[in-house]
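For reference, the chain that follows is the form predicted alone, supplied as structure tokens.
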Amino acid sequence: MTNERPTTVRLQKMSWAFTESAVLFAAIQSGFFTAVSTHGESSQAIADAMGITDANAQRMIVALLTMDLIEPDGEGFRNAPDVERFLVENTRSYAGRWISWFHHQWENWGKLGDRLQNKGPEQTLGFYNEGFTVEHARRYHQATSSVGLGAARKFLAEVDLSGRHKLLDLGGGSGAYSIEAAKKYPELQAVVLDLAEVVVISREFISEHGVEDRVSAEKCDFTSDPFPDGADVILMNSNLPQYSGEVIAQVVQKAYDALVPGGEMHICGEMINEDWHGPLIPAMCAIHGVLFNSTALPHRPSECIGYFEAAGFVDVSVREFIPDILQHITGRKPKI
């Protein structure tokens, strides 16, 4: 324990944290990182490439250097490695639309203090009950599809689905996991289950990737609707903290009941640590439930193991999937 007198510095830095998001969003929106990648020899060269003033380029450079998003490079500047890979436009790995997707929630987060006072009945689907449309689904999945496909390829590099024949993708959205699984395993049939508005978009992505002969999309609220029979693999990815433990336990039980003996379930989801202390993104995902008065709650690995074991799964395990963001829990339905 230290006897050092507390100051306001840490709190001040935290109160300014929203300005870092603003700078990041502005850099993506304006193509600043692309200009650094192609014309980073000086602030003036960056300004000329963007059509902005040198003064504004210098202001952004100072902020981005401070945030470690760009780095000095001789007399000029270069992007940090992750920025160069994911935030330079017209590249295969560009993820700018996904990173800046959260900008549209800016005003809602500003109302968090007011929303905390809401004592009305919570909604299982939360965000999806507030005027959700096909166009909302299209914007979201256009922003997330490239990241989803990358995560799916990583998943399939780590999980062997050889010999599996029918996959259910709960809340599968763009169908990224189903699409990549069908590409890798020609004998596999996959069904994306999602809300009616989302299924329209799922089918567009499935057709775009040319796998509509083996991947379909069906309307299903997986929190309440029954699942198709005969699956030997069920996935639920990146939507764990949108629901309470009671809802997740019910979904896991339904999945167990729908699987054939020997089938397996996988959830790649945002989990908090056992002591409730982080990681940051899973913690903020749970707070997101306040904004839309949903049942969303954080989940710990031990709780997720409990959902699986209570349903009857065996060989249940949890491991890290995406550091500080996603954990991967899996279980197997015993053979008769």
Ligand SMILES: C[S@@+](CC[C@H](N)C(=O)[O-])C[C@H]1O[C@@H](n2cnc3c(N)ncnc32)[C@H](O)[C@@H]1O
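Numbering starts at 1 and follows the sequence shown. These figures come from a predicted structure and were not determined experimentally.
Heads up, the form predicted together with the named molecule isn't pictured, but that's what we're talking about next.
The chain is drawn here without the named molecule; in the model of the complex, the stretch among 194 to 202, 181 to 189, 70 to 78, 113 to 121 whose residues come within 4.5 Å of it by any heavy atom is 194 to 202.
Contact annotation: of the candidates 258, 220, 88, 161, the single residue with a non-hydrogen atom within 4.5 angstroms of the named molecule in the model of the complex is 220. For the three residues 269, 299 and 330, a heavy atom within 4.5 Å of the named molecule turns up in the model of the complex in no case. Although the partner is absent here, residue 263 sits far enough away that none of its heavy atoms falls within 4.5 Å of the named molecule in the model of the complex.
Mapping the unseen interface onto this chain, residue 141 counts among the residues with a heavy atom inside 4.5 Å of the named molecule in the model of the complex. Shown alone here, residue 125 lies within 4.5 Å of the named molecule in the model of the complex, counting heavy atoms only. Contact check for residue 237: a non-hydrogen atom falls within 4.5 Å of the named molecule in the model of the complex.
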